[in-house]
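Presented as structure tokens, the chain that follows is alone, the form predicted on its own.
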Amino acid sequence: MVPTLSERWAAFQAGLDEVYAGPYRRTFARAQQEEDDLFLLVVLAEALGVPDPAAYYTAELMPAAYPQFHAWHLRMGLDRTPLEHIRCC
């Protein structure tokens, strides 16, 4: 069976991705994790006692942030949750 042009193009793109991004995959993952942690901190800023001028907008994102909250506070070095109204552990 002869691969189609789109299949060959997809394989070529996967090869390029492996050549250029492969050696830096861990660095990209770490940068993404730091960006996600900062975003979670911004979303939870008002709940943590930090005045947040965008609290009106970030309040809508809090339910989406709860599933990542436990892993986040453990990464930040907090053994227990810093928020009284969120019981995750």
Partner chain sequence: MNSLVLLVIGLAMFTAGYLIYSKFLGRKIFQLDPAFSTPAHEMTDGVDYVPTNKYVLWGHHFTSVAGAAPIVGPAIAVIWGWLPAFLWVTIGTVFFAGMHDAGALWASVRNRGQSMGMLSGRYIGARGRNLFLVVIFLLLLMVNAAFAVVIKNLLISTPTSVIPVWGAIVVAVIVGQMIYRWRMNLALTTIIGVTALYTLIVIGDSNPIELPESTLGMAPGTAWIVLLFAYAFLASLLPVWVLLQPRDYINGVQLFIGLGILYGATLLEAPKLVVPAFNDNVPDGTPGLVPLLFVTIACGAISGFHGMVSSGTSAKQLDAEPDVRFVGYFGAVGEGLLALGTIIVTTSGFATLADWEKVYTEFGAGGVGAFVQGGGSIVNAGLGIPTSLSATILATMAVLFAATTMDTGVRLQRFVVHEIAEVLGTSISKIAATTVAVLVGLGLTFSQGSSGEGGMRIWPLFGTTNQLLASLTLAIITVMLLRKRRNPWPALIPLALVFVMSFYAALVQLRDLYDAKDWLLLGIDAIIIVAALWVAFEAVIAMQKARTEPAEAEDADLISARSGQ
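Here, rigid core means the biggest group of C-alpha atoms that superpose within 1.5 Å across both forms. Positions refer to the first chain, counted from 1. The shown structure was predicted, so the numbers you read here are calculated from the model rather than taken from an experiment.
One more form of this protein, predicted in complex with its partner chain, exists but is not displayed; see below.
Across the proposed site, E46, P53 and L61 without exception lack any heavy atom within 4.5 Å of its partner chain in the predicted complex. With a 4.5 Å cutoff on heavy atoms, R25 counts as touching its partner chain in the predicted complex. Contact between G15 and its partner chain in the predicted complex is found at the 4.5 Å heavy atom cutoff. When its partner chain is considered in the predicted complex, W9 lines it closely, a heavy atom lying within 4.5 Å.
In the predicted complex, Y20 approaches its partner chain with a heavy atom inside 4.5 Å.
A10: CA moves 2 Å or more between the shown form and the other one after rigid-core fitting.
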